[in-house]
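Given next, in structure tokens, is a single chain: the form predicted on its own.
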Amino acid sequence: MSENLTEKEHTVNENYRQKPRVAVYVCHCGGNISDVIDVKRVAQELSKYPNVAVSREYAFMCSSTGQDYIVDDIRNNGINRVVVAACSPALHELTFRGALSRAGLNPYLYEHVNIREQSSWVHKNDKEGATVKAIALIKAGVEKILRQDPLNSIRVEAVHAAAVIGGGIAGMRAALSCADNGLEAVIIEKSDSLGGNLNRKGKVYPSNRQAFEVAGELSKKVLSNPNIKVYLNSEISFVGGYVGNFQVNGKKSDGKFEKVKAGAIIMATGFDHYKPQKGEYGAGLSDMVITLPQFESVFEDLDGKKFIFGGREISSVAFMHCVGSRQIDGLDKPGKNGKVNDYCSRICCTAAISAANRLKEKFPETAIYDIYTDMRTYGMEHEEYYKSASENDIIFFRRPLEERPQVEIKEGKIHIKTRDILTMNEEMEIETDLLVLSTGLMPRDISDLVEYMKLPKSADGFLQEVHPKLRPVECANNGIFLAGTVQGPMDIRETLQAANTAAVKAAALLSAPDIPLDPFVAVVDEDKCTGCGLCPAECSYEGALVMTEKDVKGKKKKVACVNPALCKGCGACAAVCQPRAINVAGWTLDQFDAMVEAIAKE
């Protein structure tokens, strides 16, 4: 406790020892909740519930005004427990804990009840039922918080270094930003050079620079920075530890191992280009059907006034969008993982049109056709590429999403049949010398790392952030951050921005000598523990729970022992503990019993 607290604040800090006085706050969530749930009725009902001293409803509890209600009630009305009924705790749990802290109350004497996702959103057609359910859930939250003891954050010492897995532009940019922010950085790259997908011929937009030049420029900065180590030809063989104290082992091409200690890990493993299956839009049936990355490499080697490819003069080129993206179950063949790529790869439209424009500028006599589904030039000023293409007489055909153009090879020519939405669904046949498939981006196969680190993945197979707006580069795993296309399709500018953000997050995390962690971990009552050994077998986190011999009340006894830095508070151990010797702090079995009873009474 700070010595600068006023006498009143001292009293507030200690008032949890007094008779419980619970405050309940019901949020309208701008109509997301109040359009379905009768929030006034909910607040009135809770005001009659035992030990509830204050019950309010407000439009936006997460707003500064809403938070002020909480602070004022704690300071002026002797509130020593808080329940907020609102949206998902993933959004604003930290917001409300902060309000309790500002009022001088332990931030863990707070319970968040989700009545948006769990009530209003799932019962839109049953307003009465949604209201009754919300009341029951909040009463359960009150019963839980009545049995809550104040908790303290767990603090772990921090290694002031970041391990960056992947040496593409995201990894290099993240390492440089870490170094700029006072951290040591170690890049672990499996190939023999830095640069990743930019180690190729071809220009990138919007700078119109050669890809390998961009990669080379960053590589020089990385290799000359004294605070950055680079391990090439290194495969990750082990990842262990916890936030503040990770260990990453890299096996080098000479068979030796490098052991890297780091307080944070930045995932920058990048993406792979989609590879069309044989026959998909003519792929593999003719050398005149190539992917956009292949075209970029070929195009840079072209010289002279004629477009010569495959020993032939090319007078017409067609670009086909959405190859390997926006696929549909039952219409497209699934990949090796048994799934289709139904997401949009975002950058392909701009990349294809940029290439078409450069082709037209270099060989103005070439006829160019662009076959797209929806034109998504989403980036800042990217619409200019589309306008320039129209001015360059590139001919656009908009195909239906639910249909696939048919590609046939006839006498050395490529024939594309498609319906065109722009001409009232008229059937079109396009004859061209060269077909360029604008392939999408796919998540790189890092299944071994996902297994080692228990990393969350999105439905699309990329790594999943906690929240796209509030915590856009953070994993649910403490101390692990995402940089660039490891979490989804991005262009170069977005990738660099995301890498900078990940590095700043890592630097902020490691800025102090130790790191505070949430206290919701398993706790063992050694008096009740029988030493049966069932709990470690249920634990999914290596080293989090082990059996050890200890002196308990003067007797040697085998008991379960928890490493709080490794424990994730999942409760699997508590579920198999017959004498109920294990509880998760903040989620004890007694709390669960009381919550179930409160719901059962409704």
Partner chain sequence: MKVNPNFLKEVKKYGAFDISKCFNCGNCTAICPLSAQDASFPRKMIRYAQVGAEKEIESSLEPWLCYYCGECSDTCPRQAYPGEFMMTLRRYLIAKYDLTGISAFFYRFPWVQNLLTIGIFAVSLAFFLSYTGDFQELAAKIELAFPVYVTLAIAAYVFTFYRKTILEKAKKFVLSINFSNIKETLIHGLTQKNFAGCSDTDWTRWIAHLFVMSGYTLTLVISNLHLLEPLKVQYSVSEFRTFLVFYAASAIILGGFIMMFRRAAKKVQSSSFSHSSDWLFVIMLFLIGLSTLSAHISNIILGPEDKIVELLYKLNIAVEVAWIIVIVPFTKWIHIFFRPMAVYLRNLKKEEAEGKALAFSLPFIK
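Positions refer to the first chain, counted from 1. Predicted model, so just to flag it, every value in this text is computed and none were measured.
Beyond the structure shown, there is the form predicted in complex with the partner chain, which is absent from this document and is the topic of what follows.
- For the options E128, D329, D287, D393, the one in contact with the partner chain in the predicted bound form, meaning a heavy atom within 4.5 Å, is D393.
- Screening E408, E361, E426, D272 for any heavy atom within 4.5 Å of the partner chain in the predicted bound form leaves a single hit, E426.
- The stretch that touches the partner chain in the predicted bound form, counting heavy atoms within 4.5 Å, is 395-403, out of 288-296, 224-232, 395-403, 80-88.
- The partner chain in the predicted bound form is approached by L422, whose closest heavy atom lies within 4.5 angstroms of it.
- Interface membership of Y386, defined by any non-hydrogen atom within 4.5 Å of the partner chain in the predicted bound form, is confirmed.
- The partner chain is not shown here, but in the predicted bound form it comes within 4.5 Å of a heavy atom of Y369.
- For the chain shown alone, I430 is a contact residue for the partner chain in the predicted bound form, at least one non-hydrogen atom being within 4.5 angstroms.
- Applying a 4.5 Å heavy atom cutoff to the partner chain in the predicted bound form picks out no residue from 323-360.
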